[in-house]
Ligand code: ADP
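First comes one chain, alone, set out as structure tokens in the form predicted on its own.
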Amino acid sequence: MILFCSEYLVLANYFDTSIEFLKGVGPQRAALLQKELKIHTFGDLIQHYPFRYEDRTRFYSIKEVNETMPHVQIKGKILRFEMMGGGRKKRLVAYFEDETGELELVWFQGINWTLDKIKPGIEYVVFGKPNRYGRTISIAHPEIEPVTNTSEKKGFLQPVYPLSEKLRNKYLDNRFLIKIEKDLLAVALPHVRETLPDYLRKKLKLISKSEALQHIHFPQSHEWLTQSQNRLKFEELFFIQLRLIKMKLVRQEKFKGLVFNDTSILTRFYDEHLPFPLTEAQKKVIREIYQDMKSGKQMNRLLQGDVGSGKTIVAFICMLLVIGSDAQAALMAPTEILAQQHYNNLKKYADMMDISISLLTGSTKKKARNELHYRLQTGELKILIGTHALIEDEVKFNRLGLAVIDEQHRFGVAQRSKLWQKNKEAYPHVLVMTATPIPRTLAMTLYGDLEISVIDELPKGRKPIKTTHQYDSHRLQINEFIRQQIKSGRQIYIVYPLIEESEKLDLKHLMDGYESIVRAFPDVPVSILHGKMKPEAKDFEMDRFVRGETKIMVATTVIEVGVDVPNASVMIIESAERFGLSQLHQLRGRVGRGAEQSYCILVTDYKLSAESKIRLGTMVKTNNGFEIAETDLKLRGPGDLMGTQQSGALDLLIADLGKDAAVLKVARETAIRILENDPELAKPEHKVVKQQIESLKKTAVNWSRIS
């Protein structure tokens, strides 16, 4: 298997060589490297980059060493050994000194080997992490070797590679990886070919590919390391962008779009039925979509907007454009509860305009389905809302003009493309909506071949949600606040992270939470909602809450995407430290739907990790989904954020979208400029770029395509 990112080293027959043929590896070790690190070939190994470096460019004196330092390198002699403790606490202590002081070296394992190999009175180079116990500084299990001319001079940055526990247990540790990387580089560097044009390298001051590979593994200095990282990061992002932009250009040429420019129905809706004035951001997005729909090219647009920013009304307005030209529209949502919500919202508008609309989900009865299929095929049914039931083979449209996909990252590529195939005449226009704010760098990488529209303001009259962080010990004050809100006629959500108690996680059990709420508010009707309830029980509880029969809803995260309850103005999130930032933001978006002031209270224990403090602090500080998403990207990385870890969509080898926005910007601008001037990459100076893209085609997964 070869990775599909830009770092492909062609002369593929050489870099496709199985790792077992590298000196010192062999079949057994190769099998472990393949299973644990996905290293199958020479190409995979040379692209298995260090994730950090230990600074061995200088020696410290013992007097300088303190416990805050990550790792230190010291020269000195062992005075004597001493065995301490007994049984499982048995340890070997060596007293190590230089001219400035003394510290202890400690071994809990390999004691006999250490005593056999390491002798007092000989000068050694010691490397390890210093710790403090009382007044004593010690280094546990240090790396240790006698001082020689080589070791004394060795000022270098030592690579530290990603490893697994299983490999360490088989003695395939960092030293082993350093050795095989050195052995590979010694024979492989002459086979590395340049993948970027000379003029581009000169312009951007980038070192050569072979220099970058040499110094990413074994940098001679911090400066060489920085230059190697810059070169490899740029290349990785440049080839991703080049492919995305090329795909976009090809699609625009190849896929002709249905032309929708009749705005008569739309104008009537604006004049007679628009329920509230649109925000400037909504108007801008509608203009962008209208331009696409009348251009004759098939639209592929991503619409981003925070929870409550008014994406659904924008989708309906786009549907009117399509219906005005006698075509149909479909909206696919990931869950029944969300499909039902979209149906309820859009039916109000469709009824005003006398437009037929239906809902299709897994629970639609057979008789209703048959009737719906008939009306859809004859073209009588204009709008169909549903779950992935929409992509079943028997669902046939008369003329599908627009496919709207909500929360698209919940659907697989195959599912989305099935919806795309539902029109024989031409591919329908595609509008993908997400309430998960996507940071700019991630959007450019995941959706770089799409047009992107953003609704970045909330409808008029909406007040920002006030968010506070409270500790468990403030329970009485929180309950008093709930009482006041209920007295004012408001409703409350209380969300817990788990349904069943887990021995590992010291969390409040949902049922315990429910019982304590019922005890604290004996005169208040309380609903409960969780994922293990039957759909009809869930609907019953949600319905009671929507109608205001119950005032408090105790739930798990099933309400993250759920029904709008404008009267619910307080969201209390228990054990908030257990949730990710984007999930906290989505949950908070369940309130603030009405004109009243809404509140979100994040309740935690006093023990919080540094990362949890950043997450909670971000939530208190801002309601801006994009700011929150940027922080989330820095904390968690792109894979977790968008659920792309499993799909392999962002197996970046060296670039980091949380930190490399500037590199990505240059890479994208460079790719656009090259393709504008030389769309077929036919010029002699772009020969190396074309070769690289050709080599990628065989292995690259087309993960960016929405449809």
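The shown structure was predicted, so the numbers you read here are calculated from the model rather than taken from an experiment. Counting begins at 1, following the sequence as shown.
Keep in mind the form predicted in complex with the ligand is missing from the figure; the text below concerns it.
*Y171 near the ligand in the predicted bound form, any heavy atom under 4.5 Å?*
No, Y171 sits far enough from the ligand in the predicted bound form that none of its heavy atoms falls within 4.5 Å.
*Decide whether S569 counts as a contact residue for the ligand in the predicted bound form under a heavy atom distance cut-off of 4.5 Å.*
Outside the cut-off, so no.
*Please check if S309 has a heavy atom lying within 4.5 Å of any heavy atom of the ligand in the predicted bound form.*
Yes - in the predicted bound form, heavy atoms of S309 and the ligand come within 4.5 Å of each other.
_When the contact criterion is heavy atoms within 4.5 Å, does Y349 count as touching the ligand in the predicted bound form?_
Y349: contacts the ligand in the predicted bound form.
*Name the stretch, out of 569-577, 456-464, 529-537, 103-111, where some heavy atom lies within 4.5 Å of the ligand in the predicted bound form.*
Flagged stretch: 456-464.
*Sort through T618, T279, Q227, S582 and report the residue having a heavy atom within 4.5 Å of the ligand in the predicted bound form.*
Of the listed residues, the single hit is T279.
_The single option of R593, K256, K77, R544 touching the ligand in the predicted bound form, heavy atom within 4.5 Å_ = Checking each option against the ligand in the predicted bound form, the one that comes within 4.5 Å is R593.
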